[in-house]
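Next up is one chain by itself, shown in structure tokens, the form predicted alone.
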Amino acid sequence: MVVNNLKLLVGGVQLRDAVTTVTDILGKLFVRAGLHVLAMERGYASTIYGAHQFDPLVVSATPPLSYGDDRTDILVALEHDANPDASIQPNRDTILRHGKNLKEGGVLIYDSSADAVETSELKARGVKVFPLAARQIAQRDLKMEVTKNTIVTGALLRLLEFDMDYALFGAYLEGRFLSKGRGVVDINLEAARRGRAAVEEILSSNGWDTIGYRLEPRPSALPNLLLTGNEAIGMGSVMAGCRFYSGYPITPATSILEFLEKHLPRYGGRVLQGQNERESIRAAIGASIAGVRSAVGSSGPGISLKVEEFGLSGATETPLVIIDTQRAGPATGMPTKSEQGDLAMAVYAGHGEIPRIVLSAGTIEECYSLAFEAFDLADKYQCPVFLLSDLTLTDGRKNLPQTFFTENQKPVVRHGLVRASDIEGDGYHRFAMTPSGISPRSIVGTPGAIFKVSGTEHDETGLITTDPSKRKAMVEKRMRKMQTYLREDAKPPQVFGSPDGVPLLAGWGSTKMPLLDAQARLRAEGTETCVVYFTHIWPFPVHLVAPLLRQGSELIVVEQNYAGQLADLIQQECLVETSRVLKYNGRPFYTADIAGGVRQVLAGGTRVVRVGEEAPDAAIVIVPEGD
């Protein structure tokens, strides 16, 4: 019996089968029971309807180190009709795609409303199969097809021997549906009971007492929240004093726009959905000039369209947070698949040279804390600050104790603002030369402060100039901010393990937790490594990184792109040789990917390992992704 440790994957047809309805309900119930939930791969297509969708959840009694490998304990297939693209087997996409990854002795539940599915190969591996006619029961018995997923939820609760009295599920239903009438709550409870009865019949007919997996509550006095990365970014932005956010709908950044549109007005803030990407960043720059902490968010294609305004923020020394939720590129790329391909753009994009800061989050917690820090740094250094995440992280979900936010709450400090009482005569120059490169800053309308702003080169007062000496002095003044940042605010990479004489595994973004999981796996095999994880990437803190890298025997950089953009940056700045483990097929890094890639590098003969599914032979027929 496996207790409180399983990976569950629910799949079906996008939109029609409401895949995430099932996982969202289950995730919230598990968290309310004191269990830990981690979901870092919400597989969906860029088409609106009809493509395959899947959503895996890791559930455990203690915080899971990562989402592990592409292996599943329990597979739930919500499709209720045949797949016309699968001529070799009249089944659903979910079984065809993910059945091969079911563990021996695992569990399959599928909607058998249309017909039974050939599952002899799975049964031969010890998989317990539960054909459940959920759609048929919903239509025939309950006269309400929409309850089919509640039937599946009830079946799962019974199989996991969890919430058998529906105390948690009933409370959830009341919180969500009671405003629509008691009848809505009751019909869903009845649907859950029908699902339970159906699987009990299958258990009895097969002589099974249990499926081999069980979830037991771990009551906790500390309330937990199940959050996505984008929700954590939104919360961190609000707590950092952001009061203006703009954006244009784009996957996977749209949910930040939606979250802040719902919550920011309660704090006196405003949200703008621009008519296009460039309008959104210009609005954020305008709000910042007016004195409001501002941010703009997008993903790769939208970030590309904003490049000219990066320079405007830098040249006018206007604080601005730019949130880039990376997805697979180039061009439209794969809008609903993950990648870490925008690091070079964040560090270098734009004509001319400006001061900029680049941060990267790798966990839900860091989405919150680095969002807060991004606004503070933008305010202090009066320049654009990029906060990078990626689709794996932004759509990923994890439970955090509510105390995390109270324990990490910091005061909002406005840096360098000049008040009317600070100004004497014409003594205020907006772009005054200072040793730190940071000039006093007034807000438009401050009495006595003449305010001029222009994207064209200017002198200390803001007057446009082409004078060579003034140009040279102003460029150097702006760029001195980066030296000040490196002295005062740059942070070294996080180090896990001792670096002395062992291979160093470096990463950034959502590779963090799989890296730590791979480190543990390699250690169990007798190979000791040290994980070096970067959150503060630019300006690159050579003085904090180079001494650390010299301690290791070899540097292996793990990242989700083709070239190895962080590896290139490390080589350029620290003049050290790197090996690389790279993945770029749209799927996240699994523990086995990293551990296997590291083994190949350490075995010798290659310095670059590219992991992920091999390109199919042209003669092999595969099921289309649908996106």
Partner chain sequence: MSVASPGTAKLWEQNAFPRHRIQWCPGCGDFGVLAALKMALVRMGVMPHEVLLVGGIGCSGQTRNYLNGNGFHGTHGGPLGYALGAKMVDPGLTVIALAGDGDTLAIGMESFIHVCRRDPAMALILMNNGVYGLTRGQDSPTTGLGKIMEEHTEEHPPFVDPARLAITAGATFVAQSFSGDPKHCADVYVEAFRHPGFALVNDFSPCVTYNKFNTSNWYREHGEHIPEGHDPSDRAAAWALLDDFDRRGKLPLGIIYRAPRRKKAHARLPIWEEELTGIDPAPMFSAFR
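Remember, predicted model here, so these are calculated numbers, not experimental data. Positions refer to the first chain, counted from 1.
What comes next is about the form predicted together with its partner chain, which does not appear here.
- Put simply, Phe451 is close to its partner chain in the model of the complex: some heavy atom of it is within 4.5 Å.
- The closest heavy atom approach of Arg243 to its partner chain in the model of the complex falls within 4.5 Å.
- In the model of the complex, its partner chain sits beyond 4.5 Å of every heavy atom of Arg194.
- Contact between Phe405 and its partner chain in the model of the complex is found at the 4.5 Å heavy atom cutoff.
- None of 336 to 344, 380 to 388, 507 to 515, 255 to 263 except one has non-hydrogen atoms within 4.5 angstroms of its partner chain in the model of the complex; the exception is 255 to 263.
- Distance criterion of 4.5 Å from any heavy atom to its partner chain in the model of the complex singles out Thr461 from the list Gln139, Thr119, Thr461, Asn101.
- A heavy atom within 4.5 Å of its partner chain in the model of the complex is found for exactly one of Ala283, Val185, Ala198, Ile438: Ala283.
- Although its partner chain is not shown here, in the model of the complex the stretch 6 to 34 places heavy atoms of Lys28, Arg32 within 4.5 Å of it, in sequence order.
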